[in-house]
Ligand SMILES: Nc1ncnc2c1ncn2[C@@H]1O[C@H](COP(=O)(O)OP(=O)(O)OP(=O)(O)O)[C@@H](O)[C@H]1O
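The chain below stands alone and is given as structure tokens, in the form predicted alone.
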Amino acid sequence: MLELDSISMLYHLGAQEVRAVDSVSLSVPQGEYLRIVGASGSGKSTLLNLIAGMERPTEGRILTPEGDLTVMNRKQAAKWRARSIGMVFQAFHLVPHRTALMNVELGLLFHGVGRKERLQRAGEILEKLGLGDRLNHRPADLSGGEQQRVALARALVKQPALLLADEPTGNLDRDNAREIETLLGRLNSEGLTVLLVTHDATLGEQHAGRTVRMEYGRMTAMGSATASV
């Protein structure tokens, strides 16, 4: 469902050229669970931003079922992101004065879905993620793990084809991190394509079908300096 063809993202800091992503080629079949492991600053988050169409690569192509993302205008890229991409981050990005149900409902606000159906679908996905008894709780009344599940529900409520998870357990303790890890594995087993980036070499290890490593913007197979991905 996704093909990255020699994409690079270059920045200039004065006279210095920085390759945040450097000639990355990668195929992501539908239904895969792919882990990208790397240290902070290795280019992982930049890569996700490129896949989501929030940034445009300096070089290369990103092929999607809707066409080449790199030649889409801003409006077309936003439609790709809205229709096909769910995103969850290290920070929960929940609206503090809204309940869990209302936060998840926001994931459908710009999709032409009526309020009654938005609330119904939000409640159903929260129930599926084990938060059926937390619908009317605000973020301050939820644990860190519960807040991340609300954020995940918001990403999933629009039924995306691809979930991009950017360090989703970075703000969680070990027990809650493993809970999110197990949840991502279950969602993938139900058919969701998952692309997880993490600095934790063990996170998602039991569930992912494939793991690649990023170092200094370049991608290699896990445990290999030069293997093709």
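A residue's number is simply how far along the shown sequence it sits, counting from 1. Please read all numbers here as calculations on a predicted model, not as lab measurements.
Separately, the form predicted in complex with the named molecule exists; it is not shown, and the next lines address it.
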{"property": "Residue among T46, N171, T70, N188 with a heavy atom within 4.5 Å of the named molecule in the model of the complex", "result": "T46"}
{"property": "V18: touches the named molecule in the model of the complex, heavy atom cutoff 4.5 angstroms", "result": "yes"}
{"property": "Exercise: A39 in contact with the named molecule in the model of the complex, heavy atom 4.5 Å", "result": "yes"}
{"property": "Those residues of 1 to 16 which, in the model of the complex, come within 4.5 Å of the named molecule by heavy atom", "result": "Y11, L13"}
